[in-house]
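Coming up is one lone chain in structure tokens, specifically the form predicted alone.
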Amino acid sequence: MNREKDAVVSRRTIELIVAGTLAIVGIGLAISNWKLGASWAADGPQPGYFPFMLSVMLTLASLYGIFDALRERHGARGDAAFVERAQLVRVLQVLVPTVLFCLGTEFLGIYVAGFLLITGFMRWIGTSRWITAIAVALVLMASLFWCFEIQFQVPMPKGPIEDRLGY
């Protein structure tokens, strides 16, 4: 297998993107907490003192990460693939249904969207039979409904099916 052909993006590129993003977040948090008050007052630290210190540490660590990634010559670590195509496909097999579950929860409710997610995962990723996947998803969602809606009386996002059932 040719690793260079299967490489989607290099590890060094990902390190630079992540460290740069964290540095920007750290700087933004530091500015925000400085405005809140990041010094030591007569009665102790101001509200932004500890978050400011943490954001400075985050920024410094991120800048070190950028420096470390830039000083690395084209060696084993810098040119290595961060993720190969087969690995990316496997991640997307979980990510895409999970995103669809989140969107589906808005329109179908958490129980129906959860039923579809579990059935889909068991069928296509776990290669379970249809009857097994449906049975497990149905029992699990019914158990969660009983636990949250009936026992704890915690309202969860519901869709049109629960509305027709009176919940």
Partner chain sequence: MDGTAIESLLHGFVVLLTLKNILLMMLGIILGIFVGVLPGLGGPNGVALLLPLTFTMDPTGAIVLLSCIYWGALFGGAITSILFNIPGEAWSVATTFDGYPMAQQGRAGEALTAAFTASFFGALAAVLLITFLAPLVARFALRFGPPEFFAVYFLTFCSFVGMGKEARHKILISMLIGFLLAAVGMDTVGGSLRMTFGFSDLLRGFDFLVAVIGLFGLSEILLTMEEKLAFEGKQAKLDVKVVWRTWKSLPRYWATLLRSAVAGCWLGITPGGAIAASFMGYGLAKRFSRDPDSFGTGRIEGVLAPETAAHAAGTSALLPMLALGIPGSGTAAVLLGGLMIWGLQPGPLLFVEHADFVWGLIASMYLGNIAGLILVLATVPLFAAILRVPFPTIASSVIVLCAIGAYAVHGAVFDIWLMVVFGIIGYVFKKLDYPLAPLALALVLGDRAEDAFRQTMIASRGSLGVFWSNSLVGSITTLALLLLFWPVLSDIVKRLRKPRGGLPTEAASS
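Please read these numbers as outputs of a predicted model, since none were measured by experiment. Numbering follows the first chain given and starts at 1. Basically, rigid core = biggest C-alpha set you can superpose within 1.5 Å across the two forms.
Keep in mind the form predicted together with its partner chain is missing from the figure; the text below concerns it.
Residue contact check for Val154: one or more of its heavy atoms lie within 4.5 Å of its partner chain in the predicted complex. Taking the partner from the other structure, its partner chain in the predicted complex has a heavy atom within 4.5 Å of a heavy atom of Trp40. In the predicted complex, its partner chain sits within 4.5 Å of a heavy atom of Val94. Heavy atoms of Ile24 never reach within 4.5 Å of its partner chain in the predicted complex, leaving it off the interface. For the partner-free chain shown, Val136, Leu140, Met141, Leu144, Cys147, Phe148, Phe152, Val154, Pro155, Met156, Pro157 of 132-165 come within 4.5 angstroms of its partner chain in the predicted complex, judged by any non-hydrogen atom. Once both forms are fitted on their core, the CA shift for Val99 between this form and the one not shown remains under 2 Å.
In the core-superposed comparison between this form and the one not shown, the C-alpha atom of Pro157 has shifted by less than 2 angstroms.
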